[in-house]
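Before any questions on how it binds or moves, here is one chain, the form predicted on its own, in structure tokens.
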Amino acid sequence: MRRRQLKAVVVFASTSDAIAMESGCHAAGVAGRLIPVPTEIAADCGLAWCSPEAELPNIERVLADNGLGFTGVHLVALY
């Protein structure tokens, strides 16, 4: 049986910022993927970037380096 693990989930106000995050993370070698926003979190665009918790410093760097608009970064237990 799979166990839930803490994931860093970044929520965006716009779909274009979510897609730009995906490009920025892939270019920087940051593990993760776009997912629908978990029900525990409310979001404006419905998309979120999900990465292992250990990637949090790298996620913050990608957000800052690319000037992306986001509404929050959450730690959520997901499968």
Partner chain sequence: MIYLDSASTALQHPPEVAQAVAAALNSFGSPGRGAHQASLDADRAVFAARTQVARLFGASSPKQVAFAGSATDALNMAIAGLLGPGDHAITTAASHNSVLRPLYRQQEDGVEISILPVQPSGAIDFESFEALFRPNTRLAVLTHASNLTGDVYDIARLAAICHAHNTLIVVDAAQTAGVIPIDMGAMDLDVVVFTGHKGLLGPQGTGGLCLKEGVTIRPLRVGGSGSQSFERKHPAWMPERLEAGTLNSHGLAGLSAGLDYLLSQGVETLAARTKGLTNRFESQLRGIDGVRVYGGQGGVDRCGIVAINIGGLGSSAVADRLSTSYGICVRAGAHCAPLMHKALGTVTQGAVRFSFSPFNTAEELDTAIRALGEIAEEGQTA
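Numbering follows the first chain given and starts at 1. Because the structure is a prediction, the values reported are computed rather than measured.
One more form of this protein exists, namely the form predicted together with its partner chain; it is left out here, but the text below deals with it.
task: Would you mind picking the one in Ala31, Cys45, Ile41, Ala28 that has a heavy atom within 4.5 Å of its partner chain in the predicted complex?
output: Looking at the other structure, the residue within range turns out to be Cys45.
field: Non-hydrogen atom contact Asn58 with its partner chain in the predicted complex at 4.5 angstroms
entry: So Asn58 does not count as contacting its partner chain.
- request: For the stretch 12-36, return the residues whose heavy atoms include at least one within 4.5 Å of its partner chain in the predicted complex, in the order they occur.
  value: Residues within 4.5 Å: Ala13, Ser14, Thr15, Ser16, Asp17, Ile19, Ala20, Glu22, Leu34, Ile35, Pro36.
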